[in-house]
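Below you will find one chain, with nothing else, as structure tokens; this is the form predicted alone, and questions on how it binds or moves follow later.
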Amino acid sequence: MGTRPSLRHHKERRGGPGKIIRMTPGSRRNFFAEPERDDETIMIGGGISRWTMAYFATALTWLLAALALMVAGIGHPATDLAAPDTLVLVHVVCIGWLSLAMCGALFQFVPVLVAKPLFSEGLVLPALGLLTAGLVALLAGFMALGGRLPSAPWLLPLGAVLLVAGFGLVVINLGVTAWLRPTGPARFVLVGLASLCATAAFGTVFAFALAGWAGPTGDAVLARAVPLHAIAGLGGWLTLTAMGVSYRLLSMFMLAPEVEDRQSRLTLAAGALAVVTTVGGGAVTIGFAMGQNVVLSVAAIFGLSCAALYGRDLAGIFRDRKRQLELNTRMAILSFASLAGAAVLGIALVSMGTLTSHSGAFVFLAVFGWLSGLVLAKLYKIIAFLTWLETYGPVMGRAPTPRVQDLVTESRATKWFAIYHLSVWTGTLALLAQEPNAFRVTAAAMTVGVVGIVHEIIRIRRLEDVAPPLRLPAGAAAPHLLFAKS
């Protein structure tokens, strides 16, 4: 980084001519400030969510558990898509990894999106506890269903009820917060939360049906609504929410103008129509015992339109940026490439009539290439950003402090992200070639990449890459690993 600037230079860099920044002792939790450019300072209303790091840590633990399952050959492609082992793997990934990571990010950034405080900080930790307990009970129920544990039909309904309670707290907390000012990216979050409710409703019916407690109606829903459940979860809850948050994060971290409201509304409308068509139209077909091909085809058209419009919006953000691309943004580009690749792959499989036999490859690329790749890239930046704010915000302007980028070593972290993405793409090819052993090798390589990324994140949180003279100036305190200081 060259010679360290003096205290005077740090002050001038943050404020610039005529841009003096003053922070009172209690102002750290009232705005975000990212001092990374000589001529720019970012201030965004919001506070530090105390338990966001705990959500991220729990989510990353579940991601490593999912990778271990794939390396061990548990779940697809070693077993059928509907097998209990595959259900274990799917829910570890979708609830344990992606949903918990998304919830942690939303608790931090929904207040930023609407410039309002979170409805209730007190609901955040109980939600994490309920979601964790519910997922453990649900997984145990699947394992009992597959004969890996003694028969216990009550575990599945118990897990569903706990998950509904946990996600209910999430929806209430985030929904009320976003509804205070439902503009721009916050609208994506609201639609995502509505999709989460639909996903949880289908999942609850499935859990009771698998336990034999739902009667003929529940059995009919279980037999035909699995695609609706998956699309509402992956397409509505996870994808639309990720899109909404990415608008703000990309603009913020690249100093780019916000996407025009008219453009983002059109993108959201296409995505929302895809989810509504799937859930509403699919429910009608179940009620009248009709085929779902037409409904799913229309939903797919809306979904592809949403992806194309999102790509247009991203192109505008990258074109108008004022900051050079950092590692998190470069790796996000790879996840966007995986999203485009998943769309192309889906079209190709449908045109060849092989979507059913190769659906695992399509879902794998969408989940691990697009969603997981984007989440990992943004976690790397978000954790550095929040760690800087928590540690150095209170002393900014009173002592020399590092930049956010001084908390990371991108040259070292780049290889772990590269290993991860290359492994995902290779794993997709292995699934298309129906080579389960080759897939397990790629899953092992993905694990290496994720372990490396997690190690980099821990180093960030422990300030290990900050030069000793600036690591802990007078008045600054090292952050806790799993939660923010009050």
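As the structure is a prediction and not an experimental result, all values here were calculated from the model. Numbers follow the displayed sequence, beginning with 1.
Beyond what is shown, the protein has a form predicted in complex with a small molecule; the following relates to that form.
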**Prompt:** Would Tyr392, Pro394 and Arg471 all count as contacting the small molecule in the predicted bound form, using a 4.5 Å heavy atom cut-off?
**Reply:** no
**Request:** Look up in the predicted bound form whether Trp237 has a non-hydrogen atom within 4.5 angstroms of the small molecule, and give yes or no.
**Result:** yes
**Request:** Using the partner position in the predicted bound form, report whether Met290 sits within 4.5 Å of the small molecule, counting heavy atoms only.
**Result:** no
**Asked** Looking in the predicted bound form, any heavy atom of Gly373 within 4.5 Å of the small molecule?
**Response** no
**Request:** Indicate whether the small molecule has at least one heavy atom within 4.5 Å of a heavy atom of Val404 in the predicted bound form.
**Result:** no
**Prompt:** Can you pick the one in Leu210, Leu118, Leu273, Val295 that has a heavy atom within 4.5 Å of the small molecule in the predicted bound form?
**Reply:** Leu210
**Message:** Please tell me which of Ser99, Gln108, Ser338, Thr387 lies within 4.5 Å of the small molecule in the predicted bound form, judged by heavy atoms.
**Reply:** Ser99
**Prompt:** Of 198-206, 258-266, 341-349, 274-282, which is the one stretch near the small molecule in the predicted bound form, taking non-hydrogen atoms within 4.5 angstroms as near?
**Reply:** 198-206
